[in-house]
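Coming up is one lone chain in structure tokens, specifically the form predicted on its own.
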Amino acid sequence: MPADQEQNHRCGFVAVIGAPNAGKSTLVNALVGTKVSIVTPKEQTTRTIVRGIVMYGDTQAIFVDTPGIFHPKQRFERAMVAAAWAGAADAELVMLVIDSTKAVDSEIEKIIGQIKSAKRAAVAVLNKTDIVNKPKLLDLAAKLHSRAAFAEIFMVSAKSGDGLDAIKSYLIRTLTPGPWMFPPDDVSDMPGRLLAAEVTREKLFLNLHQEVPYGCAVVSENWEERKDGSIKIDQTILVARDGHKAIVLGEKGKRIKAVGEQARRELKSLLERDVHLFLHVKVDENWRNDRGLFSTWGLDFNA
């Protein structure tokens, strides 16, 4: 591209952080305009860094969806939280997403304190405003403004799309002038194998209950491009307990069949080609401490 055409370009990484279930992934998907990150009503769905890429005119914004920040107890949880802060450290702008149906509690205060101590450029996004009354929103905004940590405070509903234009306009004005980091047609840099595994994991979260989905992981073991243009994908669902395997399979295999069909349909839509998906369930009580899996997900085993 000629240099004179690049002079008006802007580009920047925007780290989307917050407590679990604040709506970060829903917001990223809405801002990108397509699904790049899996979404479920359950907390701690996002386990690794997901980058969503979007063009707003001559501005390329790369949204970095991160795991929810909470008090970790296990190695795997520590790695997730470390990934969230690493995403924030590498970004030009930090976007703190707050569930406006809840109060600014001690966990949010701690996140704000770390943003301030690191002297990061940051904005706050009050999400889920479609289900909160205006006085409460204004009170939350005032409390956040008093912390003097944010250049702007936005009120949005990621689910309905209300308020997103204000964020887009802000990014067009403020991201650093410079060349684009990715081709303008890209929407994510996630490898196909990992994307496929994440889609299946989302369907597991939506079909399972209580602690079972948190004890599961999905790995795409085989990815075969066929001559007819279709893809054959073999995936292993790792579970921590024998009892969880039976739950994932369901009576006469009905549950895993439903999960596989839902995942296959979505992958067909995302990849725009036929998908042959085969799921296998394996018990591995120590998968949360598997160094190779940490590497696959871009997590620091020693966090």
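Sequential numbering from 1, following the sequence displayed. Predicted, not measured: the structure shown is a model, and the values here were computed from it.
Keep in mind that the form predicted together with a small molecule is missing from the display, and what follows is about it.
In short, of 142 to 150, 188 to 196, 124 to 132, 218 to 226 it is 124 to 132 that has heavy atoms within 4.5 Å of the small molecule in the model of the complex. At a distance threshold of 4.5 angstroms between non-hydrogen atoms, residue 60 is out of contact with the small molecule in the model of the complex. In the model of the complex, no heavy atom of residue 235 sits within 4.5 Å of the small molecule. Though the partner is left out of this view, residue 262 does not reach within 4.5 Å of the small molecule in the model of the complex, counting heavy atoms only.
Among heavy atoms of residue 114, none comes within 4.5 Å of the small molecule in the model of the complex. Contact annotation: of the candidates 11, 293, 281, 19, the single residue with a non-hydrogen atom within 4.5 angstroms of the small molecule in the model of the complex is 19. Not one of 88, 90 and 174 comes within 4.5 Å of the small molecule in the model of the complex, counting any heavy atom.
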